[in-house]
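Quick setup: one chain, the form predicted on its own, written in C-alpha cells, and binding and motion questions come after.
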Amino acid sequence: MFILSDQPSIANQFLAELRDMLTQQDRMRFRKNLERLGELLAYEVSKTLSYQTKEVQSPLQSVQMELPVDQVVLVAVLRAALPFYQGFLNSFDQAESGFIGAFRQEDGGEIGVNLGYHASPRLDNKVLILIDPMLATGTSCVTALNTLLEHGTPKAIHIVAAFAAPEGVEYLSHHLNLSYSLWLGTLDEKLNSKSYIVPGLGDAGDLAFGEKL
C-alpha cells in the first residue's frame, strides 16, 4: 500500500485545501485539487509499468530512452471521480477509459451499492487503474472491480483513492481474492456511524458538482 501523504510534499497542500471548509466553497478549486492529486498518484503508479528502450530523434541527435509499453485502462467511479480521473488522463493520455456509475443505497439501516451504469473496454493483459476519490467501506470498490473483471483478466490491477478509511482498506483485503496494488493520497482515522470518512472532507461528488436530489 502506497500513501502519498506519508512523505511531506506539495500533495499535502492539495489535501489540506480539499478538507478546508472555506476553500471547499470554491468548486472549481476543489475539482482542480482532485485533478492535481490524480496527476501525482498517476506518476507514482507509472513507476510500476513495463518499459522498453526506444530511439528518439531530436533536432541534434538520436537518444535512447526508456518508454512505457503497457496498455493502460482508466476506470472512473462516477460521479465524484471525474476530476480525479482527469488527473490520471492528463498523465496517461493514450489510455482507454471505462466508467462505473456507483451510488449508495440504504435499506433498513444497511448500506449497499447500486451499479446503475458501467462501460469498459476489454481488459485482458492490460493494466487496470480503478479510480475513486473516496475509499470508505470498500463495498463499491469490490462490486465495481468484480463487474469490471467480466471484461477480461488484467495484467495488473491498481486501486487508487484520494482519501481512505482503515475499514475500507481492510474490507478490500478480506474480499478481493486477487492480486492488486493500493494507492492512497492519505489514510484517515475511521468511518463514522453513517459510513463517512473521518476527518475526510464530506461528500466529494457534491463538493465538485453541487448537491444531488
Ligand code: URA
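Residue indices: 1-based, along the sequence shown. Everything quoted here is computed from the prediction, not taken from an experiment.
Not on display, but discussed next: the form predicted in complex with the named molecule.
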Could you tell me which stretch in 89 to 97, 69 to 77, 116 to 124, 129 to 137 has residues with non-hydrogen atoms within 4.5 Å of the named molecule in the model of the complex? 129 to 137
Interface membership of Leu18, the named molecule in the model of the complex, 4.5 Å heavy atom rule: no
With the partner left out of view, is Asp203 within 4.5 angstroms of the named molecule in the model of the complex by any non-hydrogen atom? yes
Could you confirm whether Gln13 comes within 4.5 Å of the named molecule in the model of the complex, counting heavy atoms only? no
Does the named molecule get within 4.5 angstroms of any non-hydrogen atom of Ser9 in the model of the complex? no
Residues in 176 to 199 with any heavy atom within 4.5 Å of the named molecule in the model of the complex: Ser195, Tyr196, Ile197
